[in-house]
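So this first bit is one chain, no partners, the form predicted on its own, shown in structure tokens.
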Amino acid sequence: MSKRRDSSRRIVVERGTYHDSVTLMLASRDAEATEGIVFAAAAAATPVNLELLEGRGFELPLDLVPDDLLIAIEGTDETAVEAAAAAIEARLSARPRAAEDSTVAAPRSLRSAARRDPGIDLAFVSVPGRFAAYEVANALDAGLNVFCFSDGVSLEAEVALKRRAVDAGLFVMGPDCGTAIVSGVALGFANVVRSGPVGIVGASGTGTQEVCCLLDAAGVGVSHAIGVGGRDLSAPVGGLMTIAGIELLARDSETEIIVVVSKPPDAAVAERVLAAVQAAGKPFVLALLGAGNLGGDDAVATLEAAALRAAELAGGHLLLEEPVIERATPGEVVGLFTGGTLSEEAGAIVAAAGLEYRFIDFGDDEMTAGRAHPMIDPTLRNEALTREAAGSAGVVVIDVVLGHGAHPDPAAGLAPLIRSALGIRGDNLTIIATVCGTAGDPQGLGAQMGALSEAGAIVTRSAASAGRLATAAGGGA
């Protein structure tokens, strides 16, 4: 361990020390809640985190590697810094709570857990990316289906694992699978939605979430939402799990309508997916973003349209009132998103209008290395909102994703920043927020939308709507 100090700053480097990103986020919050603290962060020494700390004026050693732990604290005096350091240490050294029955030893592996309870058929893998492929392989060897939340798995490993799963009659959701709902059980980031006849296969976490939420708004429920990871429809993976998911929903008696959602797919793989869903023998909707009119009348161009079509097939009705842009604020359109597919969809609409634009996905793998996902810890995105709003942007577009696993009150951090930015820029800035959530989500959809609206943001319910509103605000056609 090495330390560098001045009267109100401290940098601590712990070599080769690992803590999961959520624990580091909580430690940082504990420290920042200490009286007299201006800034505090406990973070892995990844490039993104180093850039953040250097931008705040911290002097860092030159020989840092991502396996090192950084603790950076800035306070009004040394007493405050010392108290914040103690808060971080307390969080990082805390032992996990013992199980209710402490006389029974916890299983030491996925295999032993599966042997202990033959009723287990699904493993949830969330470990550092370099270990994830190994754990997924162990789960498959134990006869378990897998939900792999971890990213950082190589494409080659993903292909091999999914081929092994197909051969064994098992399922791999992921890697980098953010969302699934299986028989009403939420995995990863998922919203509180009613049960119903629509089954979803999604090569997009936030895309799946938006479709689920809009269906819920239409009074239509979901049987299952099967995540497959964002690379499943790439040429190397070949849609292995997407096709397996379609076949599963085709056999499922609770599923009457199938929706397939993905980021832009490989063209040949998209054709195979179309053939599989046509063979399923059930009404279907394809939302393969960027795939053109593949699928004819059963294909749609946006997530919003996918939910609308599926709701109609199920006998529901989706009515979304889109706000009206009363004045244009020309200038660059900047998107600051936590959901990759939401960012791509809104950005594509703005791009098609010929406006100058720049969209950033803070949930991208490079941005989340050593950090909690921005749906959990929105610090980087919120700081970017302040920075971009103070610049020359004419329109700033953000997303707010609610549900299980997400930040408990994202509007609480965003609303003051929105109010401040609009107070400074006045009539020269428009801020648009698309909120993905349901009335049943723990954060409270109405309360979140209300807080953002009261702060001055134009609030809507879909990424496509946010793209249209941004185009209008930016002066596009």
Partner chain sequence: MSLLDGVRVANAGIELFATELEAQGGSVTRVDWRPPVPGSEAALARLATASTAEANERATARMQAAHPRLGGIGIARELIEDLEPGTFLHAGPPIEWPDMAGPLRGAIIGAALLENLADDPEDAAKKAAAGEFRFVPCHERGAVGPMAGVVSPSMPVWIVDNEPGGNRAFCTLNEGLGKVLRYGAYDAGVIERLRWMSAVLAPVLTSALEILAEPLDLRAMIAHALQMGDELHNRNRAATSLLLRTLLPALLQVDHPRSDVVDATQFISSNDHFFLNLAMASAKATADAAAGTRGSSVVVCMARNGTDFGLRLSGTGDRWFTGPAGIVDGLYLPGFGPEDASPDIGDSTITETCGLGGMAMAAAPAIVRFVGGTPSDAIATTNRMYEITWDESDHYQVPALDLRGTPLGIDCREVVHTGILPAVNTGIAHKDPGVGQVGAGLVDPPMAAFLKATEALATA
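Residue numbers count along the first chain shown, from 1. Since the model is a prediction, treat every value here as computed from it, not as a measurement. Here the rigid core means the biggest group of C-alpha atoms that line up within 1.5 Å when the two forms are laid on top of each other.
Below: the form predicted together with its partner chain, not depicted.
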property	result
Val166, Gly290 and Asp365 all contacting its partner chain in the predicted complex, non-hydrogen atom within 4.5 Å	no
Proximity to its partner chain in the predicted complex, single hit among Ala328, Ala90, Ala279, Val127 (heavy atom within 4.5 Å)	Val127
Contact residue in the predicted complex, chosen from Val300, Ala384, Ala218, Ala123 - any heavy atom within 4.5 Å of its partner chain	Ala123
Contact of Gly119 with its partner chain in the predicted complex (heavy atom, 4.5 Å)	yes
4.5 angstroms heavy atom contact with its partner chain in the predicted complex for Leu380	no
Contact label in the predicted complex: Glu454 to its partner chain, heavy atom within 4.5 Å	no
Proximity of Ala157 to its partner chain in the predicted complex, heavy atoms at 4.5 Å	yes
Stretch in contact in the predicted complex with its partner chain, which is absent here, among 223 to 231, 301 to 309, 332 to 340, 69 to 77 (heavy atoms within 4.5 Å)	223 to 231
Those residues of 10 to 24 which, in the predicted complex, come within 4.5 Å of its partner chain by heavy atom	Tyr18, Asp20, Ser21, Val22, Thr23
Post core alignment: Asp67 C-alpha displaced by 2 Å or more between this form and the one not shown	yes
C-alpha of Glu14 off by 2 Å or more between this form and the one not shown on rigid core	yes
